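A single chain comes next, written as structure tokens; it is the form predicted alone.
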């Protein structure tokens, strides 16, 4: 599993959750030991990707953490407006 496929997984999850899938943008910033994945959605969809009490965002971060252990990298998900 490479970093690009994780970006695609986050993008697919986000597009499935929001009302405006065309406005979902996922950008990957590759560091030496850490990869930052920036997720942008339409303002009205922000609550949908964060979820009640942050559960959805936490679940996506858990997926990234588990996959990161396999490739020995740390993944950080940032949800931007």
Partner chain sequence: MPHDHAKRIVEFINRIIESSSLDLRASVLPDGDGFKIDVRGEDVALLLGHNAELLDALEYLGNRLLAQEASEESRITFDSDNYRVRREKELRLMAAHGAEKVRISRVPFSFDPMNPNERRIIHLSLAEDATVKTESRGTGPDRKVTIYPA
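Positions refer to the first chain, counted from 1. Model, not experiment: these values are computed from the prediction.
In what follows, reference is made to the form predicted in complex with its partner chain, a form of this protein that is not presented.
For the three marked residues, 42, 44 and 79, no heavy atom of any sits within 4.5 Å of its partner chain in the predicted bound form. At the 4.5 Å threshold, heavy atoms of residue 72 stay clear of its partner chain in the predicted bound form, well away from it. Put simply, residue 59 is close to its partner chain in the predicted bound form: some heavy atom of it is within 4.5 Å. For residue 16, a non-hydrogen atom is located within 4.5 Å of its partner chain in the predicted bound form, even though that partner is not displayed. At a distance threshold of 4.5 angstroms between non-hydrogen atoms, residue 27 is out of contact with its partner chain in the predicted bound form.
With contact defined as any non-hydrogen atom lying within 4.5 angstroms of its partner chain in the predicted bound form, 48 is the only contacting residue in 28-49.
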